[in-house]
Structure formats: structure tokens, C-alpha cells
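For reference, the chain that follows is the form predicted alone, supplied as C-alpha cells.
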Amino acid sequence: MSPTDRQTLDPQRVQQALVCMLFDPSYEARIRGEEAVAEIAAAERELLRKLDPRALRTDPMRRPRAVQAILEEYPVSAALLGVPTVDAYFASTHFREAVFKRGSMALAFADYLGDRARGVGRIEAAMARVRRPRDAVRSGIGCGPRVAPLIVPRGSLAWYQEGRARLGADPLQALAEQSRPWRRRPPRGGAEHLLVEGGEDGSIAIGGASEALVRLLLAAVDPGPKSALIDAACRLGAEPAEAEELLGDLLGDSLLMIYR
């Protein structure tokens, strides 16, 4: 049953819609207007319409603070696309889905970003993921919670590192002073295989890895049976006995983990 088909009022969905209204005046206008709003039921919408608009404007810095949080995690992507593009995220369906599904604002930004920043965007999205290790939704062997395997265009890591250095010690200040997006674009051809690993102390390491290792870890992003990973390793060129040993080594290095 969709929210619009329900007759009962769900306080949680009212709160979620209110959050979207606080961040996005255009969503507030939709709530108060006649356009259909799929996320909430009629009773919930009517309650929100009764809210004094002045109550939504008591903190004019709410959205700028949220933009700053995204800029801190995606500084090079922001330099490529421009800060206004980051700001527009808070009026997007991706942001609303994150709110209504109780997801991460920073991880939903990666979906909003898509491939517009090419491999650089994917690197920063992977860094955001390893900062927020997720719980496995099923048992089996899977990637470690602070490991993100990546395949990006060749030269993306060097481009990202150069871009990050260009922003200097205070990327937020550099972005505030940037008059327009960078013209030079990241590479788009070839393939580069990377591992992004997060430390318990918040540190992040990014480095190259073999194609076979990255593809094996990609096959393990969602935990599954050991036999499936052995099959994947064999397809990537390992013998069955080698595959068993390889999985043991990866478990020992915490690149793989057993989820129960």
C-alpha cells in the first residue's frame, strides 16, 4: 500500500516530510500546492499545510551547513561541478529518498552525483562509504565493512590527488572563492583498479590493486556462501586449492569478513 492510499496518519512520515520542507522550499511549495506528493498520505499532508511557514525559517543556515558537510566529503567533485550543483542536491529526489528511507545524506549524494565527476566522484563516494561501515543484511563471506573495491578510468587516482592538492589545506575556503567549475576534466578511458580502506581512527588509504583482487572483492560486496566466492576466484584464474588459500589470506587481512 502506497502512502497516498493510507488513511491513518504516520507521525514518522510527517516528521520526514517536515525535514524535506526545512531543507527545500520547493518541496514546501509542493506540499502547500495542488501537485501530487507521492511520499505522504492526504491526512499527513493536510497536517503539514497547517504549519506556520515562519516556523520553517527560524534557522537560515540549516541548508548551508548541510552543503558544507557534503563539500567536506566531496571537495574535488564539488570543484568539478560547482557548489551550486551540490546545493541543488537538497532539492532532489535522491535527498528525499534518503530522508524517507532513513539513509545517509552523504551516501545518497553519491547517487545524485552519478558519473558526472567520473572516477573522481566514485573515489570520493567510496571514501564516504568506508567512513560509514554498514551492517551486512545477510550471513556469509563478504567484503570487510571498511573496504571498497573500485574500477575507475585509468589515471583517476592521480587526478583526484592532484585536485585535492590544488584545493590546498582549506578546501572549503578554496571552494567558497571558486568563481566557476574547473574546466579540466578527469580521465574517462581505460581502467584502474583500486582499494579504498578505512581505518578505525578515521584514516583512509587508497591504492592500486590487481584486477583479479578487485573483481573478487566486488563479487563479495554482498555477503554470500564461500562456494560462490571460490567459484568467482576460479573464474578469475585461480585453481580451486589456490582459491581456498586466497580466501583465507583475505580473511586474515580483513579484506573479507565472515558475517553471521
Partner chain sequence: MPDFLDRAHDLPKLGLGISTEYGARRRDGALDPAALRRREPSYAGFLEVGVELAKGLDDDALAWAAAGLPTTYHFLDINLDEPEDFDDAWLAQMGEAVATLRPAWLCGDAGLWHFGARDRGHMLLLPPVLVDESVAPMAEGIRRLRDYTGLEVLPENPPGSAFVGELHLLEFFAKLAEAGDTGLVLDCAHLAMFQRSRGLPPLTAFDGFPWERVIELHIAGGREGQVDGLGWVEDDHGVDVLEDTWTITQAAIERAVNLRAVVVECERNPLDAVLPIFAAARERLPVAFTSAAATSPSTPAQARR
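Residue numbers count along the first chain shown, from 1. None of the values given here were measured: they were computed from a predicted structure.
Although it is not shown, the form predicted together with its partner chain is what the next lines describe.
> Out of Arg166, Arg131, His94, Arg154, which one falls within 4.5 Å of its partner chain in the predicted complex, going by heavy atoms?
Only one listed residue qualifies here, and that residue is Arg131.
> Among the candidate residues Ile206, Leu51, Leu213, Ala42, which is the single one with a non-hydrogen atom no more than 4.5 Å from its partner chain in the predicted complex?
None of the other options qualify; the answer is Leu51.
> Taking a heavy atom within 4.5 Å as contact, would all three of Val14, Glu73 and Arg102 count as contacting its partner chain in the predicted complex?
Looking in the predicted complex, the three residues Val14, Glu73 and Arg102 all sit within 4.5 Å of its partner chain (heavy atoms).
> Is Leu22 close enough to its partner chain in the predicted complex to count, meaning some heavy atom within 4.5 Å?
Heavy-atom contact with its partner chain at 4.5 Å: present for Leu22.
> Within 4.5 Å, heavy atoms only: does Thr58 come near its partner chain in the predicted complex?
The answer is yes: Thr58 has a heavy atom within 4.5 Å of its partner chain.
> Taking its partner chain as it sits in the predicted complex, is Ala98 near enough to touch it, meaning that at least one heavy atom pair lies within 4.5 angstroms?
Taking the distances in the predicted complex, the answer for Ala98 is yes, it comes within 4.5 Å of its partner chain.
> If we define contact as a non-hydrogen atom of the residue within 4.5 angstroms of the partner, is Val37 a contact of its partner chain in the predicted complex?
Looking in the predicted complex, residue contacts with its partner chain do not include Val37, since no heavy atom lies within 4.5 Å.
> Among 75-83, 183-191, 104-112, 167-175, which stretch has residues whose heavy atoms lie within 4.5 Å of its partner chain in the predicted complex?
So the stretch in question is 104-112.
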